[in-house]
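Just one chain follows, in the form predicted on its own, and it is written as structure tokens.
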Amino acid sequence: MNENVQGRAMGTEVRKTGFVYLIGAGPGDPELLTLKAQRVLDIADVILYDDLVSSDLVAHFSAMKIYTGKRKNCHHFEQDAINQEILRHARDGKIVARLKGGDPFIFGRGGEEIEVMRQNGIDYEIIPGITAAHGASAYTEIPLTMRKISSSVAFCTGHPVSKLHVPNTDTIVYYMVASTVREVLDAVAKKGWSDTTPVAVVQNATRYNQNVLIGSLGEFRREEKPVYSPALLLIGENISYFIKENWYSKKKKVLLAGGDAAQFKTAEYVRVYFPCKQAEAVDPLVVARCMQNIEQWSVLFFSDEFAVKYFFKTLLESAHDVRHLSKTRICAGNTAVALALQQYGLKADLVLKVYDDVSIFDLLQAEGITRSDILMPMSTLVDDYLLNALEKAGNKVTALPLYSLDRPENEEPLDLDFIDEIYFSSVNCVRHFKTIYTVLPERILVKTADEKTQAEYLKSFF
């Protein structure tokens, strides 16, 4: 008889211990997450994620999310506090995913964290990730090894400067060098490396804003080149194979504000998501009441793709599914919303393709959507234009805010200098974007989901 069953038989309470997964998220590109890591994150109760793990990656999972970012001189969580947070949730019987940038065992403090698990009797599993050196190598076309040129490679850390190690190898990769490039190169030069040795600094490896600085060891030592975190320093003759127009640099970087579109899912694009998150301020009682009485509304009107996503998430959490919508008319604010509905097995009864008051009123009249009870899942930013048009047709509209367009506290500002195109999926996304980025570089090509969103973009930025 196992411990839990025996405890219940004796009338005593046995506390179930949880399980910890130590997971490598890869160097930055969310699509470099492994299939095994994704499967575990899908079942996790808690995700503790680091600074270099992108918010749009963790947004795909329903677990409680705790940001534990650490950067030099700016720690949201100290390491001891992270260890205790892992233990606390594991002791509560939860499945804990400790999600780290790169690979947990390559300068990721994974060894320290499993030592804590061992000391406290917590079961764990380690899921490796693509380390930054491998990602930087692939996304810059700089081979770490090359026949007849480099048959050995070493990974080193760029700090502390008092303990820099310069191994005897063909290629050296230094991690965490944003503030110590000059000191590292001085140490390498003192070991006898030539001033003509090729050197590369790769910033934000595998991300949309990846930037590569190329030169020689002597040039980098003589010139003051600004280096920003996260950064890798690569040293070796193989760097001479770098080409500026490599496979990754040729891709267009598209910023998807509030949604996605099929046209951007081709190989020519790198997709960057303008982050949104579910609102914490939504009244759970109001949401629960709407879900429990979901069949009372004759029409469901979705204004944007996020409304679709969060509605069905909430519907399933309330022990309902699409069968409860069998008598409900489904309306979509534009074609992109209609496509989002299809992912949940629903075909919209009405898709708006007109965007002025008179045209919408005429369309609603023609479709018989008048004097109806309409539930409108939406963001906390009310789309007054659409709401007024629905009410003008005599409908009773209940707005159901399910998410906000707030940026996560730990999210860094987007670097628009690396963006080639922007896609706005709704009016509210344009408005929210405008509150953060007041000016757009002229070279950026802007596309919108519909005419109404296009009009809002022109009004906001011109």
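What you see is a predicted model; the values in this text were computed from it and never measured. Start at 1 and count along the sequence shown; that's the residue number.
The next section is about a form of this same protein that is not shown, the form predicted in complex with S-adenosyl-L-homocysteine (SAH).
Contact annotation for E113: none of its heavy atoms lies within 4.5 Å of S-adenosyl-L-homocysteine (SAH) in the predicted bound form. Taking the partner from the other structure, S-adenosyl-L-homocysteine (SAH) in the predicted bound form has a heavy atom within 4.5 Å of a heavy atom of L52. A residue is said to contact a partner when one of its heavy atoms sits within 4.5 Å of a partner heavy atom; R207 meets this definition for S-adenosyl-L-homocysteine (SAH) in the predicted bound form. At a distance threshold of 4.5 angstroms between non-hydrogen atoms, A231 is in contact with S-adenosyl-L-homocysteine (SAH) in the predicted bound form.
Checking 186-194, 336-344, 127-135, 320-328 against S-adenosyl-L-homocysteine (SAH) in the predicted bound form, the stretch whose residues place heavy atoms within 4.5 Å of it is 127-135. Among W297, F274, F312, Y175, the residue placing a heavy atom within 4.5 Å of S-adenosyl-L-homocysteine (SAH) in the predicted bound form is Y175. The listed set Y269, Y241, F361, F107 contains one residue whose heavy atoms approach S-adenosyl-L-homocysteine (SAH) in the predicted bound form to within 4.5 Å, identified as F107. Shown here without S-adenosyl-L-homocysteine (SAH), the chain has G101, G102, D103, I106 in 89-106 lying with a heavy atom within 4.5 Å of that partner in the predicted bound form.
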